[in-house]
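Quick setup: one chain, the form predicted alone, written in structure tokens, and binding and motion questions come after.
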Amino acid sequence: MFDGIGRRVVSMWFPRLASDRVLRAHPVAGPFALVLRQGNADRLHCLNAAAERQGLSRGMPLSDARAFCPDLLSRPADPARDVQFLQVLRRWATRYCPWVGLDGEAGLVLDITGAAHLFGGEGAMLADMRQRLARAGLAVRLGLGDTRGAAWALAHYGEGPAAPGAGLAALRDLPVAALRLEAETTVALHRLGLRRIGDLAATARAPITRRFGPDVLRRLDAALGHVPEAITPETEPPHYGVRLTLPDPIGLQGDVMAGLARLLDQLCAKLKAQEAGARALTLTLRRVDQGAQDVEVRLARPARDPARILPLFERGVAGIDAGFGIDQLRLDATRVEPLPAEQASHVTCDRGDRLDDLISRLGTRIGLDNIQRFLPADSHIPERGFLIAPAAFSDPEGPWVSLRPRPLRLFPPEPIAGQGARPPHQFRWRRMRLTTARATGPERIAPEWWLEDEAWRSGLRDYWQVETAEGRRLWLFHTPQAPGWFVQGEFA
């Protein structure tokens, strides 16, 4: 009888993790496979049991698989989603023990030492795992042993628990591939007649080390418990959410803001501990009739100061329908960015913070994407010399570098009457008769031939700064290849 003192490890292997994940949402009665592009061919990545019974296997080209099984249904594989799903299973497995780590691309390893008695023993725990995973539509193979290597070997090649302290007796008849060796090493051991772990354990160690290096015997010793092998649990990412449940429902805006202030203090303390700041927050108000309403706030810059964030919720909270009362408030930071701590001093300037607060306040009314700023662009073409970007998602850049002054207002070229290569003495523009008092130029600008811009396909432009007697300061250009004059901008 196991006394609970020795180490016990469970290995969970999901042989059809990817296909089971997809079939949980979209069940298929017949053969099914996920396909992954490898090189110039589509190959089977993961199959369900029906496809395996048809003789299909992982790595087979999709064209050959359809020739063997015309009824095969396929979908593109998504390895990133599979990794996320395995993380979900890892968090679920912590219900059995706190030490749960990933084991390859489709497996988990659990250190259940001292935890089996909470489920009625090891057999009852394994049965509970199988039952719950089968109910979720997941195929699983379980191995239980004194070491991580033994549990992995039993899950992949033995399927079952090993008695405490069994050691080599539980692994003797398993193939050497159960030691997690490379395929080339396994084939070489087979050629020497070492097909099972018992055969390898009975062989002299020095010749094996000289021929294969220390890795083979290290794997054997790890499986037998002669050398330690750690199980590293995955760290949980910080959760930026707080909740306040009220004994009596509330409905006044002031009461909601008071509860929100308490939640903000707690949330900002979590953010400060992680040196992070919130860019987007969601306040969920649950009513007594089980209805819920959300108030979302987006910030121009990461922040964790409750005094700066709280006023941004006033407009949204004022529009909430409390119904028969609100009995729960939940505040989540849905988007978090790094915000390292800064050294405060008497020379610290908060002008940037005040501008960010202004952008955030305006953004709650008209949307952050509608508050924009101009940024310089590396182009000598006037229309391409700047970019327009949301102010909340871009940083202001340094002074604009220009060899010649540019107009304050820039608009599409507007034709005017004029002849010759110099600006006309008198011309009409926007129903105004203007007289040229002073002209500076020309500044010749050539088109960027590598860009598709019909407005600049006509050729060169000679730009002039024209000061009129009426007080207008205009930016005119002349096109030598097709003589004509145009107004494109106006200076301050």
Partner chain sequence: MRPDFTSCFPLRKARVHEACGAGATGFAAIMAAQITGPLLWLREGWRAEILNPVGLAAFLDPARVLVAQVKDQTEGLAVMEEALRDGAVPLVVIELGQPLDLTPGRRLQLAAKAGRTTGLCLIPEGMGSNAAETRWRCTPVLDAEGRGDSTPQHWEIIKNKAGTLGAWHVRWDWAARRLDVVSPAGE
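Residue numbers count along the first chain shown, from 1. Take the two forms, superpose them, and find the largest set of C-alpha atoms that agree within 1.5 Å; that set is the rigid core. Just so it is clear, the structure is predicted and the values come from calculations on it, not from any experiment.
Missing here is the form predicted together with the partner chain; even so, the following discussion is about that form.
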Next on the checklist: Can you tell me whether residue 372 touches the partner chain? I mean in the model of the complex, with a 4.5 angstroms heavy atom cut-off.
Outcome noted: yes
Next on the checklist: residue 166 versus the partner chain, in the model of the complex: is there a non-hydrogen atom within 4.5 Å?
Outcome noted: no
Next on the checklist: residue 455 versus the partner chain, in the model of the complex: is there a non-hydrogen atom within 4.5 Å?
Outcome noted: no
Checklist entry - Just to confirm, residue 397 within 4.5 Å of the partner chain in the model of the complex by heavy atoms? => result yes
Checklist outcome for this item: TL;DR on 479-487, 466-474, 21-29, 8-16: the one with heavy atoms within 4.5 Å of the partner chain in the model of the complex is 466-474
Next on the checklist: Exactly one residue in 191, 210, 135, 365 has a non-hydrogen atom within 4.5 Å of the partner chain in the model of the complex; which is it?
Outcome noted: 365
Checklist entry - Of these, 256, 108, 220, 391, which has a heavy atom no more than 4.5 Å from the partner chain in the model of the complex? => result 391
Next on the checklist: For a quick test of reading the superposition: does residue 378 move by 2 Å or more at the CA between this form and the one not shown, rigid core aligned?
Outcome noted: yes
Item to check | Shift of residue 128 between this form and the one not shown at or above 2 Å (CA, core fit) | outcome: no
Checklist entry - Is residue 398 among the residues whose Cα moves by 2 Å or more between this form and the one not shown after superposition of the rigid core? => result yes
